[in-house]
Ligand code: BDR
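In structure tokens, one chain follows: the form predicted alone.
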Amino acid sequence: MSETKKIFIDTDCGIDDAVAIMLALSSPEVDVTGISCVAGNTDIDSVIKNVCGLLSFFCRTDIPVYRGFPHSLIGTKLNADDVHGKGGLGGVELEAIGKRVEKKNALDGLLEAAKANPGLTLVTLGPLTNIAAALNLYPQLKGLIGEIVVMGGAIGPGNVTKYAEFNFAFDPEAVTSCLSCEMPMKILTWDATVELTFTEKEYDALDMGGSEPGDLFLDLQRFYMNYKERTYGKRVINFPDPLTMACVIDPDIITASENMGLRMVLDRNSEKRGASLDAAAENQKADGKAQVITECSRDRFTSLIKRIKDYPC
């Protein structure tokens, strides 16, 4: 039997982040050593509230939660209220019973977890602000973290502009900083998420209702499904952050990827700001290299996501 993988999650906990955390808690292959919070899908206080409430719901108040940056490295803010609703969970309220944020900040929390678990896998589900700052402040993290697995970026069309994906567009300077650290990195792009779009019929076939965790999964997705219908005229759903977590739990889920040099567009006056470009295709110098994941197994992902329903709350 393979050894349980120690992971640390950095999140801007919106709807899909919550499902990714639920998946991690439901999977014996990984052990969550801590969760740091960053602004993105919603404000930092709501992110903390959502994470603490989720851990309370799943009876995992032993997992430490840390406060991170309330804005990007240069101070700008975006939000995704239209996608995730005000507060980040589509109107779902989770009470944080007996769970509070740690006194240590996100950067110190990550360092502590990495020292205690050399080779730690860092899973980032939001903007990379906390991670860029931590790697800059604590260079020793480069020798302690085994791999960073990132949800972000788009080689094709984005989801916040036609060029850029939300997490990378929120803080492209942070992405550039992380890429330049030359650490082992996998990036699951928006392209992979689009490839694994679920129709309403396919979503219903997951049959997630009938347990408290399964019902929570369905409650969380309702707002997002309605957003998709309002915006695109189709009742479909994507799972960017859960798919990223699935790649950590079961690396064999990855069916297509490419080692790629990436360049971030940082020009604040450019409509392409926040875009992640294939540097070779652009004949430009790369900010850094990563294994860019563009396609995953639907069957393997579906098998994993169903675990949530059976979690023994």
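When you see a residue number, it is the position in the sequence shown, counting from 1. On a predicted model such as this, the values are computed, not experimentally measured, just so you know.
Beyond what is shown, the protein has a form predicted in complex with this ligand; the following relates to that form.
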*Quick one: find which of 130-138, 151-159, 210-218, 70-78 has residues within 4.5 Å of this ligand in the model of the complex by heavy atom distance.*
151-159
*Using 4.5 Å between non-hydrogen atoms, is residue 41 touching this ligand in the model of the complex?*
yes
*asked:* Can you tell me whether residue 125 touches this ligand? I mean in the model of the complex, with a 4.5 angstroms heavy atom cut-off.
replied: yes
_Whether residue 171 contacts this ligand in the model of the complex should be assessed with a 4.5 Å heavy atom distance threshold; does it?_
no
*Taking heavy atoms and a 4.5 Å cut-off, does residue 198 contact this ligand in the model of the complex?*
no
_Under the 4.5 Å heavy atom criterion, name the residues of 6-34 that approach this ligand in the model of the complex, in sequence order._
12, 16, 17
